[in-house]
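First, one chain by itself: the form predicted on its own, in C-alpha cells.
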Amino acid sequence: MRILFYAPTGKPDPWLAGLRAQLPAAEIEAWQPGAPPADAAVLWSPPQQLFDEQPQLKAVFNLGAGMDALLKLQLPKDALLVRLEDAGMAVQMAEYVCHYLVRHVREFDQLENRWVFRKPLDRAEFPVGVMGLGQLGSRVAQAVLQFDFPVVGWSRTPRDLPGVKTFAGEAGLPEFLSQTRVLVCLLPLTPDTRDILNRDTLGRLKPGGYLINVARGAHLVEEDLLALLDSGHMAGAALDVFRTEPLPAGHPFWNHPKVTVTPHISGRTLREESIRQIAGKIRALERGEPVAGVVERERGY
C-alpha cells in the first residue's frame, strides 16, 4: 500500500516516522506535486491539486473531527472519507468548557485585583445546553454533570444520554434554548448548522446567557452576538473559533469586556493517538473490515 501524508503546518517527519512504525509494510511519503499514485492519504487542509492528481485514492483520512474544510474540495468520488474520533480531543474539550463555565459562574474573572465579597450562586440557575451530542459533545456533557450543573442537550437526530435531558431536530431547538443559560456549541459545520448561533437562537437563551463556542466560527453570526452582549441580554462569551483565523487585529472581539478569545486551542490533534487510530483503521480496511468514523458526504459528518 502507498500512503501520502500532507499537513501545511508543523513538521511532517514525526508523523511519517510514526505512521511507518505502525504500518511497516506500507510505502508512506509526504505529498509533493507530481507524486506517484497512492492508495490512501492522511491529510489536514490539503490543496485541490492533491486530489486532482490523485483521483484513484481509495481512502482519505482527515487529521481532525471536523470535515467542513475537506468537503469544500472536489474529492475522488469513490474514496472513503474517514474522520478522527476523539483521539485525545474530547478530554481537552471537556477541560476547556468546564474551565470557562466555572470561571463564569463563580465570577472568577470579575475580581479585578480587589478583595470583593461574591454572593454564592445556585448552580440550578445556570443550566448548561450542549449543542451536538456526538463523541465530543457527549464527553463534555458528562464532564459538566460532574459539577452538578443541570445539563440539556440538542442534536440533529435523537440521542439518549444518561443524566441529560435531550432534544432533537428543528422542532426541539426552541425548547432546548429556552431551558439553557450557558450554551456550548460542539456541532459539525454543515449547510444546516452554518449561522445557527444568531440573534434569534441566542435571543431565546435565558437572560444573562453565556456562549462557549468550540466548534467552528461559521456557526456564529458575530454581529448578532455583539448586539446581544451590548444590550445586556447575554452576559458573555468564550470563543475559541472564528470565521477568519487568525482573528484579525482590530476585530471587536479582541477588546470587548464580555468576550474571551482563545486561538483555536480547545482541542488539539494529538499525534501519537491520531497515528494509532488511523493505522488501526487502515489495517482494518486492508482486512476488509468496517471502520468507524466514515463520513456521509451528504450530511457533512
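Quick caveat, the model's predicted, so the values are computed rather than measured. Position 1 is the first residue in the sequence shown; the rest follow in order.
The following text describes the form predicted together with a small molecule, which does not appear among the structures shown.
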Quiz item: Can you say which of 101-109, 215-223, 176-184, 140-148 gets within 4.5 Å of the small molecule in the model of the complex, counting heavy atoms only?
Solution: 215-223
Self-check item: Interface residue in the model of the complex among L202, V128, V97, L133, criterion: non-hydrogen atom within 4.5 angstroms of the small molecule
Solution: L133
Practice problem: Tell me whether P46, F61 and I278, taken together, all sit within 4.5 Å of the small molecule in the model of the complex, counting heavy atoms only. | Solution: no
Exercise. Mark G236 yes when one of its heavy atoms lies within 4.5 Å of a heavy atom of the small molecule in the model of the complex, and no otherwise.
Key: no
Practice problem: Give a yes/no on whether Y301 approaches the small molecule to within 4.5 Å in the model of the complex, heavy atoms considered. | Solution: yes
Quiz item: So, in the model of the complex, is Y210 in contact with the small molecule at a 4.5 angstroms heavy atom limit?
Solution: no
Practice problem: Considering only heavy atoms, tell me if H264 and the small molecule come within 4.5 Å of each other in the model of the complex. | Solution: yes
